[in-house]
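Just one chain is shown here, as structure tokens, and it is the form predicted on its own.
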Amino acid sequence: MNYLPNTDKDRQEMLKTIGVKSIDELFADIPPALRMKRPLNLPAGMSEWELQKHMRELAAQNKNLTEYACFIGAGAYDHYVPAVVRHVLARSEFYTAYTPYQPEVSQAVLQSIFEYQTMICELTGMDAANASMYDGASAAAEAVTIAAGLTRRKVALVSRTVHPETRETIRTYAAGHEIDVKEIPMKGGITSVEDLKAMLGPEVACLVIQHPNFFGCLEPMREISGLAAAHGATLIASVNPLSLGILEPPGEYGAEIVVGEGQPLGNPLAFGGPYLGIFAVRNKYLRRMPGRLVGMTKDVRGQRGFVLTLQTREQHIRREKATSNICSNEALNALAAVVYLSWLGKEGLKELALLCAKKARYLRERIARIKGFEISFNAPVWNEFAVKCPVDPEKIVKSLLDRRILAGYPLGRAYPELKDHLLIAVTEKRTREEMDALVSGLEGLV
């Protein structure tokens, strides 16, 4: 039926049509203990104008970043998104695009994906990149499963300094593949190399290291890479793509698979998504790479063209035995990354990364001078750092909301041993006035 049953007569007609005697029969498979025993708490129907007004009132209850200075990072960052990104994304030929199976009518979308892959390879120093994943966490989990499949080993080492949600996602994926995930302890805010040496062995398929890590600290990637290579383990590097404006590309220090969250590349915070998973590999992993790969070729007339040259469609054939079950790519988010990187350019990317580093250093030094506050770790950082607070970080966050400041991420939420530490991120959008206001707010709470 193509309408909602609004009257008793309509409802009875609907039930008769589908062959049941009552609405309750439709829910017979749901155990009674799980069923709601009361009517839904929904208001009466509204007119279109009333509904729009109601939705605006609900939206106004959110704290938005046009009015608040955001120092929260922890995997999602408040970078400036230029108008050109929003303009290109809003074009109908991109905005409504699905996976371009028919190249004859999808050249623009295919080219944009090809350009995205090329830029990711240039950023990471890898041989190939796919047409994006769901997000950084699922990209890391997929990397673990394909590394285990290629090495035929069943142990994955994941540093405790990797994003907590990424670690949870890896464990979820690994359970279905019977991969044993072991956590590498941290020391001083970075991966403990001593513990890593003791944990490496012939059964280890891969190790996952985030650089910069969840605390913003830079890991000793060349030393870790050497240890991984010596034991035949695949090094999976999880990166922030903007940091690669000044940090060494993962391909140069020996990473074999590079993953990351692509949100900083022209994608807004958007209350948590959708985001963009980066996935790049060395050639030996090419045919195991999940998702899709767009290639450039020539047609029968010798003209340049773009086609899907590799696509993991085996989920349709092998089902539960498939190496990956990813069914789509984040094409619109990847397009945002393409436009953003094109807008920045090579020098712009470097300048942006340096600006974030300089502003983070300024704020870090200012906070270190506040009585009672200490920098949590001595390791070098890029745009994010942790501070030990003399006041409950949750109280700090709540109190500074009154000053229109989102102060940071209380680390006790994911690391009980760091319950008095606050993670603070700085992007190019944070002004000196905003940083000084944060310092003033912290001083006022001591």
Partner chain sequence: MRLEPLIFEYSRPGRKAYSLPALDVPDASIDELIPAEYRRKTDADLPEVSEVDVVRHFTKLSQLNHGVDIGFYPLGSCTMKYNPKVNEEVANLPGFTELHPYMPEELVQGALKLMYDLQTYLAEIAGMDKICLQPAAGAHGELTGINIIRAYHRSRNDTKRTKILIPDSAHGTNPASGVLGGFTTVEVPSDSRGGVDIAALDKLMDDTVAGLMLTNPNTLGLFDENIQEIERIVHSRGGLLYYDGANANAIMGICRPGDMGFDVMHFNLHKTFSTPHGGGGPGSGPVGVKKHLIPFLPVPTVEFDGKRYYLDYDRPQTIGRMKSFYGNFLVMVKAYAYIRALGADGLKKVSEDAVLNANYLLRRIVGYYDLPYDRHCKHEFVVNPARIKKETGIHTMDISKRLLDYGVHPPTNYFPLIVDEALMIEPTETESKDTLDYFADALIAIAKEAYEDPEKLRGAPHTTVVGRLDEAGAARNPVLRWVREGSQAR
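Numbering follows the first chain given and starts at 1. Worth saying up front: this structure is predicted, and the values here are computed from it rather than measured. Under this definition, the rigid core comprises the largest set of C-alpha atoms superposing within 1.5 Å between the forms.
If you look for the form predicted together with the partner chain, you will not find it shown, but the lines that follow are about it.
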With a 4.5 Å heavy atom cut-off, would you call F215 a contact of the partner chain in the predicted bound form? no
Is C70 close to the partner chain in the predicted bound form, meaning a heavy atom pair under 4.5 Å apart or at it? yes
Mark A229 yes when one of its heavy atoms lies within 4.5 Å of a heavy atom of the partner chain in the predicted bound form, and no otherwise. no
Indicate whether the partner chain has at least one heavy atom within 4.5 Å of a heavy atom of A198 in the predicted bound form. no
The stretch from 200-208, 149-157, 229-237, 342-350 that lies within 4.5 Å of the partner chain in the predicted bound form, judged by heavy atoms, is 342-350
In the predicted bound form, do G254, L418 and V446 all put a heavy atom within 4.5 Å of the partner chain? no
Which of the residues spanning 170-196 lie within 4.5 Å of the partner chain in the predicted bound form, based on heavy atoms? T172, Y173, A175, G176, H177, E178
Please check if A437 moves between the shown form and the other one, taking a CA shift of 2 Å or more relative to the superposed core as movement. no
Could you check whether the CA atom of N41 moves 2 Å or more between the shown form and the other one, using the rigid core for the fit? yes
By the 2 angstroms cut-off, has the C-alpha of P416 moved between the shown form and the other one once the rigid core is superposed? no
